[in-house]
Structure formats: structure tokens, C-alpha cells
Ligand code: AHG
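Given as C-alpha cells, the chain that follows is alone and in the form predicted alone.
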Amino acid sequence: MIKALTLKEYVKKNDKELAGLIVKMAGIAERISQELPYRRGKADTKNVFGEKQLVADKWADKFIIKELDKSGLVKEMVSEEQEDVVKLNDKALFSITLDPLDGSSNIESNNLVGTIFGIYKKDLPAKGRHQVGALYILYGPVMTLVYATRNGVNEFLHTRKGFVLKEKNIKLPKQGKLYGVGGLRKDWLPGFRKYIKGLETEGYKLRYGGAFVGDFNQILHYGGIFAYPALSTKPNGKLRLLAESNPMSFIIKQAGGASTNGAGSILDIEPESINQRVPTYVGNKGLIKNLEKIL
């Protein structure tokens, strides 16, 4: 029986430059998973977007920043919960974008949440095309870690031995049959409504859980498309370009898929601010291409 590689063994062999940082992120995820049952409820503060913060949001944000600061591996960070770029170690090589707890509103109902990282060797903000890696952790029935570099996309399961390799070089199934869409249907724009009607006619099934990490993870494994589209009430959608859309667009590209904001790849968008939102569509290349034609 072939021994399953641990995350530490795998990254040291295949992505040596990022190994220390990815292993550190995995350790952070283990601690967050342990703390979630005790970090429930609403805080008395709002984030930079005016959204009510949860206790878990604030704690995870501070904890991750503190741990990455102590590691000495990170030069600066952009977090969904912070108004400005957070400066850490001037001599470090990497810059990080962060969504500390994606889907945190799901905590009270005990549904999926996650953490999203984008990894750069450039100062922030920067185009998503400049990422050297991206990673997400899904705090599901089994905690999983998915990371991507230009060498491919790899998934690890959390076990008694820590994170161990489940699948390497993941590629999207060619014929996915799932779609997940955020926002109220009544607020969808006409072109997008037409597109979704076409998918439903073809037999695509709706899967939407309210956490980008969870919904994206289903598309990665089963194929299809995820969207938080431009809405009549929110022309730029809801998702943040740096903290959410760029990392997931990088991962989907390495898995053989594509992303778009409706006009072109999300990875080519020049950020105007660290808090910029962008309509986000990620999935199989053919689905993304057809969507751009309709929009």
C-alpha cells in the first residue's frame, strides 16, 4: 500500500519556494477549525464595507495576521476585514490577500465556511494574474485544503496525521451539470437570466450554500459554473476582487477552467482599490465563453 504524502512532504517536493508559507497556513486552519464552536455570535462592530461583523470574523482576522506576522514570511497583507494594506515584514518575499472566514454567516446554522488566501511576490494591490499561488480551506464534515500553483491544483484531507494528499493535479470534469448563483433572481440582469434559463433547460442542477468556498469546491469536483453576478441593485456584484475573486479565479484556471467579470478574465483586472468588488463567474471554459457571448 502506497503511503499518502503529508502536506509538508508534498510541498517540499513539488512547490519548495512556497512550502513554509503553505504549511503555516495549514496550521492556522487547524486552529481556526478548533475555535469555531466557541466563536459564535455577532460583534458590536462593522467591517470596511459597513457589514455587521461576527465574533468569528474579527477573531480569525486578528489571529491570521498575528500568526503570519510571527512567521516572518509575509511582507504585507490585504484582508477583507481591514481598511488598509497591513504591513508586516519588509524583508519577506510574499504578499497575501485574505478572506479570514468566507461564508461566516453560515456559522450560526452550522453550514459551510472557509478561508481564502491569494499569494503574490508583488506589492499589493496587483492583478490576479501575478499570483504565484492561491489556497482555500473548507471547514466541512472533513476539513480540506486546496492549493494551486502553476504546477497544478492539489487537495489534502485533514486526518489524525494532519493534512494528507487526496488528489493531485485536479482538473475540472469536462461535462459539469451544476450551477450556483448568488443574489436575488429578481435582481438578475436580462442577459444573465437568459443564460441561467438555458442551463436549466439543459438539466443543470442548482447547488448554492452561501459560502463561496463551499460552492466553488463543488464546481471544482463536479464541473459547472458558479456566479455572483452583476445585479440591478449591485452592478459590481458582491465578491471582493482581491480577497475572494482573484484567488478562486487563479485556482479554476490551473484546473483547466476560466473566469470572467462578464467581459474578460478576472485575473486581468487592474485593481482600483483594495476593497473593489467585481461580478464573478468561474467554471468550465465552455460555460464561461457562452456566458460572455450572451452578456
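Sequential numbering from 1, following the sequence displayed. On a predicted model such as this, the values are computed, not experimentally measured, just so you know.
Below, we refer to the form predicted in complex with the named molecule, which is not included among the displayed structures.
key: Segment that reaches the named molecule in the model of the complex - one of 142 to 150, 103 to 111, 123 to 131, 194 to 202, heavy atoms within 4.5 Å   = Only one stretch passes the 4.5 Å heavy-atom test: 103 to 111.
query = Looking at 119, 211, 220, 77, which has any heavy atom no more than 4.5 Å from the named molecule in the model of the complex?
reply = Contact with the named molecule in the model of the complex is made by 211 alone.
task = Flag residue 238 as yes or no: does it have a non-hydrogen atom within 4.5 angstroms of any non-hydrogen atom of the named molecule in the model of the complex?
result = Contact check for residue 238: yes, within 4.5 Å of the named molecule in the model of the complex.
query = Just to confirm, residue 250 within 4.5 Å of the named molecule in the model of the complex by heavy atoms?
reply = No, residue 250 is distant from the partner.
message = Using a 4.5 angstroms cut-off on non-hydrogen atoms, would residue 244 count as touching the named molecule in the model of the complex?
response = Taking the distances in the model of the complex, the answer for residue 244 is yes, it comes within 4.5 Å of the named molecule.
request  = Taking only heavy atoms into account, state which residues of 257 to 294 are within 4.5 Å of the named molecule in the model of the complex, ordered by sequence.
outcome  = Contacts from 257 to 294: none.
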